[in-house]
Structure formats: C-alpha cells, structure tokens
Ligand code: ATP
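Consider the single chain below, provided in structure tokens and representing the form predicted on its own.
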C-alpha cells in the first residue's frame, strides 16, 4: 500500500469534524488495506506504532525532528522553528519547506506503508548512547523520499501531534462499517477491544479470521483489560435511586489503580491508562507472587504507600515519588507500597467478567492469601444509606478518599462507565493549615525497625465541659528513630494497665497512659469518623471528628499541660470554618474510578 494513499486519507480526516464523514473515510481506507497491514494502519491512525501497554514509543522530540527537516531541505533549524510557530505545527512547516525540494526532485521511489512503519519501529527500538542520532538518520531518510504531504504526517506521527480528532470508538465504527455491515454489529468488536486494549489486534483478527473469531475474545494474561469505571454521586440516598439490589460498599483508597497479571512466576502490572508500570513497583511484584495463589489470573487493586513502622496509609502524592526512572530500589525502601485488591477478572483461564460481582469477590477471597502487604479491600453489604454514610466516614478517617458502591449483581463491563459502580465522596472538605496540640493517651507497638518499640500514638483533644480527653487521631508519621527512644522514656511514668477514667476512646491501644504529654501535629484535614470520640454526635449523628494524614511536627509541648491542649470546641470551630465544597469537576488520575 502506498503511503501517499494513507497520507491522503489522513488529510481528509484532519479536514472534517463530522463523525459520520470520519467513519466513511476510515471504512474506505480499511477496505483497500491489505490484511497483513490492517493492524499497522490502525496503530498509525491512533498516532502510535504499538498498543500502549507495550510501552514502545517513537520518542522523537520536535527539536530533533526539526534537525531532520533541516538536513533534508537545507533550511536552518531556526527558520523551521519560526515557520512551525507561525503555522502552529511542525508537520505543516515540513510540508511547506519540502514543497520547494519536491519541485527539484526528478525521481524518487514511492514510500509504502510497510516501509514507513518498519522505519518508525526501528526508531522506537533505538537505544543507548547513539539512539538520538539513529532516530535522526531514520527520520531524515524517510523525509528524503517523501512528498510534502507525506512529510507532514510522518513528522506529526513521530512528534506525537497527529491531531486527527479520531477517537478509538470512531475507528471501531469504521471497522464495523467496512467489514460487518455497520454500527449495529459494533458491540462484538467493542468488547474485543475492551478486553484486549489493542485496536490493531482486533482489526487484524476481524479481517484475517472473521467476525465470529472476535466473539471468542476473552481476558488474556499480558493484555490489560480496559478498566470498568464508576459514576459519581454525593449522597448515599441517591445510590438506591440507581441500584435496586444490595450493594458492596468498599474503601476508595488514595493510591494508584493497578491491574495485576500473573502467569506462573511472571507478574505484570498495568495502570489505569494501560501503561506497563511493573518496573516502578518491584515490591508489588514480589507481594503478588506471594499472595496470588492461582497459577494464572488477572486481578484489580489499588497500590498505596504506607508507613512500615506504624502501618499508616500515606497520601497519593507520596506514592508518585515511586514514578522515578532511576533509583527505584532506593525509593522503594523510603516509600514502601502495599496493595488492596478489589476484583478478579480471570482465573486459571476462566473468564469472570460475565459473572456477577458477588461471585468475582468470592473468587478473590478464594485465590488471595492476605498478609501485611496484600489485602482485600474492606467492604460491607447493605441496602441502608445510613450504614453507607457511617462506613464512608470510617474509611475517610483511615486515610481513604471515600467509598465505591457496587451492585452485587453487576458484571464487569470493561471500558464502560455506569451506575452499577458509584464513587461516593464527601460533598465538603475541611482543610487544615493550623497545627494542633494534642495529648498522648495511648500507644501501639511498631513494626519493622520499630518492633519492640512504640510505633504510633493515640491522641486526644480536651473537652472542657466534660473534663474528658476524647480521641481524635492515631499518629505514627513524622517521628525519627530517636524520637521513639525519647518518648518511651518520657511516657514511662504515665503508663497504666487500663484506660484512664478521663479518656473517652473506642479504640484500644496496646498501652494506655495518664493524659500528660502534649505534642504538636499537623494534618491535611479534619474529617468525620465513627471510630473517634472528639465532638461525637455534634456535627453528625454517630460520628466524631478525626484527622486525615496526621504528622508529628517534631515539637513536644513541654510548656503545656494536658488541659492546655487543643480543645474539642476549637476542633469543631476549625472544622466548620475550613469547610469548603468539593469542586464538581475534581477528577481522579490513575486511581480507582
């Protein structure tokens, strides 16, 4: 197939915004494409040469592409960049500059789709110290043989600015129109795509083996499934306007959504965007090998950062430090990760996506061996809005964003966003910029380096009216190793065998103390909590106030007695004063949805 024919089709696509016209252009192009090329043509229409999960990109920056245009045309890089800025596109600049060269060229062997694709594939695979020069040489070679129109789209392809406005589902419609009689038969093609995340593969199977072969598509280890997504509501009562059945209410963790593929000892991790992130999380690979007892399976979960000494979950921003390309092992030690699993999509070759959620969850409990680092997401089954609210407040007080509510009878609709899964977050947030002075009333023994020492403390605010110390937070972050040595000695005189009569707490620490030592902490916000007693029932029935992501500032308030600590009334006032409505347009990136 001549690349000029392909470039002309791309030009037509870029000149229209009408979806039906795009579908017709695509269908015409697909019909005249050789079956051995159909996958490559589809990839290039998407602006790539391989599906995303392969992780192989052409990787040519605009500066390098401008050098290639300069080498071929003789125009200076500065002139090319100036023209690109004027036209708004380096591809258009290449087209205009090479028009003059084309007028002087007497003969050039025509480019084919095969040749362009092969050259771009070689460029993508170039690595090492000479990679950029190799890419430059390959691109210049293509441009030297291309017409101005071909050059325009070659440059756009390599720098990632194809800008056709063609969505994946428009390509699916084009395939349906070309080969199976139109959009009414698109569902099978769409499901195959959603289960494989590979449009080129779907096109190749359709053209080479036929429509019936697509119906056999199922989950396969190594090919990520496009994730099922959730709609959003703000109140628990609204949930049952959308869902008639019982629901599973689950923690919505503040981490990175992951799809784990296991085949024997081989583990692959894919992000919500279908990116292969295995190399970012060697600890999650190890955890998966130990906790997934099926020979081969596909499960979904959430990777979260945590404090190994206290067991506390850490904010999403901490986890993102793991996205470094270098020193992964070092960062892994500084910010260890654990995984909470919430769905099983395939096990030992059996497709579970057609099964109801309650069955998939039962398979998860059957094939996951929980430990300190791999857990199944906590959940409750209910049809009671009040139970959902209480459970959500508990989740938030433990560092989560909210809850995800799932119809227990819902199948897994890969790539779909619908009301069988519902994100439920708070409508309001009470952000906290002030520090609080709180009283240590209990301690928890630590893990890891803190084994045999205190790893976290139970803190309380003072209620003047009741003359009671009411629990508000557990804190284990912000402490240095020497701090715990110091606190062990400092608190020893106040150690008692039971809860102090002036302490109100539903939480049972490993050690109780007489309320005496005051420390300064900071937190991201104040939240409602069914498990902490500070201000219980004042803001909301069956809920007290708690701190989200608390952290010790390093300051012990020797100057304050326990009754001088931050009061419950002050915390309530801070909560009300800092309360702000959460923006409706707030979106998640690479998280549970």
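Because the structure is a prediction, the values reported are computed rather than measured. Numbering follows the first chain given and starts at 1. Think of the rigid core as the biggest set of C-alphas that the two forms share within 1.5 Å after superposition.
Separately, the form predicted together with the named molecule exists; it is not shown, and the next lines address it.
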The named molecule contact at residue 339 in the model of the complex, heavy atom, 4.5 Å: no
Partner contact for residue 404 in the model of the complex: the named molecule, 4.5 angstroms, heavy atom: yes
Residue 193, heavy atom within 4.5 angstroms of the named molecule in the model of the complex: no
Non-hydrogen atom contact residue 230 with the named molecule in the model of the complex at 4.5 angstroms: yes
Partner-facing stretch of 209-217, 236-244, 462-470, 413-421, counted where any non-hydrogen atom is within 4.5 angstroms of the named molecule in the model of the complex: 413-421
Residue (of 425, 204, 223, 500) lying close to the named molecule in the model of the complex, criterion heavy atoms within 4.5 Å: 425
Candidate from 458, 154, 396, 377 lying within 4.5 Å of the named molecule in the model of the complex - any heavy atom: 377
Neighbours of the named molecule in the model of the complex among 551-569 [non-hydrogen atom within 4.5 angstroms]: 557, 560
After fitting the core, residue 258 CA displacement of 2 Å or more between the shown form and the other one: no
Core superposition between the shown form and the other one, C-alpha change of residue 339 at least 2 Å: no
Large Cα shift (2 Å or above) at residue 177 between the shown form and the other one, core-fitted: no
